[in-house]
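The chain below stands alone, shown as structure tokens; this is the form predicted alone.
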């Protein structure tokens, strides 16, 4: 069974993370599949909305660290950066349905979505600094814009998990809905969007995004450069070794 499932119906493309045994941890192949699905949706005149979801109890645990370290992104054409480019420049509305863990990219991708519905069981986390890395997906720019500097600093610097309520207060989540209604509710929202005049909808999104588009692109480029550099740093090596050894990392020597 593919780890990314895609389907299109009623003018909505659904992209489902389908690796439940690994908590939907994302590999390079999964990033490529999602990037390809976004490109296909953007180029298909029959598609008006994209809905990204996992299961009601798991959105994604973030990057598959082993796969990420075995195949680190080396440039802007790597699968992860293709995906980031796709979500950050999508002309059509993006809807997300989030239940359970939404770690790392599982949270930062939401900053590019137009509607984010979360179940009460959703748990968000931005653990880049604790892993010896830096934020990605333009989150170093977008989160302070949404949440204010101090709230963003808490979430990005400490990297601790936070609730759906806190995510909503930070401007990441549109609405909190019951777990058993999550996907259906998100599909209803996507259907409502798909029924609207498509050109007007895309232009309205473009107008709202235009003032920050160049700043987001610059932030993502800067983050990507520093992220790739930090991947080979001693800090990241200690953090990830500790993760695999299931121990607390020791940063006292840095």
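Model, not experiment: these values are computed from the prediction. Residue numbers count along the first chain shown, from 1.
Just so it is clear, the following notes concern the form predicted in complex with a small molecule, a form of the same protein that is not shown.
For the chain shown alone, residue 203 is not a contact residue for the small molecule in the model of the complex, no non-hydrogen atom being within 4.5 angstroms.
For the chain shown alone, residue 237 is not a contact residue for the small molecule in the model of the complex, no non-hydrogen atom being within 4.5 angstroms.
In the model of the complex, the small molecule sits beyond 4.5 Å of every heavy atom of residue 223. Residue contact with the small molecule in the model of the complex: residue 135 places no heavy atom within 4.5 Å of it. Residue heavy atoms within 4.5 Å of the small molecule in the model of the complex occur in exactly one stretch of 125-133, 77-85, 148-156, 176-184, and that stretch is 125-133. None of 213, 65, 195, 40 but one reaches within 4.5 angstroms of the small molecule in the model of the complex through a heavy atom, and that residue is 65.
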